[in-house]
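Shown below, as structure tokens, is a lone chain in the form predicted alone; questions about how it binds or moves come after it.
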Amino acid sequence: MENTTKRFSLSGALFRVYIVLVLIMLYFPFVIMAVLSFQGPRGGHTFPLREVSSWWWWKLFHPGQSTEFSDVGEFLGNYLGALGRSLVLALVVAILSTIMALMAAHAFRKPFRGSNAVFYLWLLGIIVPGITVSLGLFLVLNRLGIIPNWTSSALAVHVMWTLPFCLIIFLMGFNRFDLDLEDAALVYGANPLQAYWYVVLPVLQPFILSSLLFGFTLSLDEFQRSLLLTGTTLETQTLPVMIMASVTTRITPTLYALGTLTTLLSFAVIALYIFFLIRAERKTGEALVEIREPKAEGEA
């Protein structure tokens, strides 16, 4: 027994060390990027730090303004403008994908003829390479005389990309959904709309939040499908496309400042997701207790 206990203690210690190493590998590059973002105005994009300065943060928030330290070949795009477009696009994509995936998941709750074929057609958005989708849709729009833009063609292709992921999330949610809860609400006098609003949606809240998070993050980070469909000017490009354009010129620590900012925004989004997820699960638990208690009393 003592040897077994020691073995489990050693395994637990090794597992904790492994987790710490994984976290270091994940977040140490972020620390390095944050440190290098405070490089001096004449510093490079690698160590050593020539001086500590917020110069490159100033450049990030004041794009295109010429100064004594401006260099020939430096990328002067408006990163924050591209970030704003990406955030708006990601939010709209997340909402549309969640609504459409929820409606589709309802259709799959009961088997119908051709459901397997329809399901696999939905998954094509994941299987087809992103650059192929971008090129194909660009050629179609060009043939029709439609100018690609981040508010139209990029929005459509991002929804095509995120929709299958959101559908899978809701299918998992309905797979765990207890149909007796909805039947109990109907038995106790609720109409179908009330049963859906007060029973089904509260139970699905964690999956709705997960779908919104998936849609948001996938759209925010998407490059291949955005490459040819956001437009031809810097004023219409999303952040991943603009970053890829900037690395073809002189790389400056402004990118490190941008990376630090976007990483902190990502942490904030995850924190909000966890907060609302815990809140939704608590409310769901309370709602289930309220539903089941009258049912138990009636059976008694």
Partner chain sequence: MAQLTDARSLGAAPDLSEHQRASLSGRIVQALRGKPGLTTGLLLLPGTLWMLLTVGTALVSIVVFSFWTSGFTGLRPEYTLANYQSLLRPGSSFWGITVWTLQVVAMLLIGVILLAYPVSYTLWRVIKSPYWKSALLLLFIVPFWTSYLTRTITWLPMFGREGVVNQVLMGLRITDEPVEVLLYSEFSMMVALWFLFIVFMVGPIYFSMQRIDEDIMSAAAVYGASPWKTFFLVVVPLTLPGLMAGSLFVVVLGLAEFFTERAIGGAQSPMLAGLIQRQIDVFQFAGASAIAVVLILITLALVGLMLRFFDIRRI
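Positions refer to the first chain, counted from 1. For the two forms, the rigid core is made up of the largest set of C-alpha atoms that agree within 1.5 Å on superposition. Small disclaimer: the values here were computed from a predicted structure and weren't measured.
One more form of this protein exists, namely the form predicted together with its partner chain; it is left out here, but the text below deals with it.
Highlighted residues 107, 112 and 194: every one comes within 4.5 Å of its partner chain in the predicted bound form, counting any heavy atom. When its partner chain is considered in the predicted bound form, only one residue from 75, 207, 150, 214 comes within 4.5 Å through any heavy atom, namely 214.
For the options 123, 201, 95, 87, the residue carrying a heavy atom within 4.5 angstroms of its partner chain in the predicted bound form is 123.
None of the heavy atoms of residue 41 is located within 4.5 Å of its partner chain in the predicted bound form. Using a 4.5 angstroms threshold between heavy atoms, residue 64 stays clear of its partner chain in the predicted bound form. Taking non-hydrogen atoms only, residue 282 never approaches its partner chain to within 4.5 angstroms in the predicted bound form. Using a 4.5 angstroms limit between non-hydrogen atoms, residue 231 is distant from its partner chain in the predicted bound form. Contacts of stretch 14 to 33 with its partner chain in the predicted bound form, defined by any heavy atom lying within 4.5 Å, are made by 15, 16, 18, 19, 22, 23, 25, 26, 27, 28, 29, 30, 32, 33, listed in sequence order. Core-aligned CA deviation for residue 278 between this form and the one not shown: less than 2 Å.
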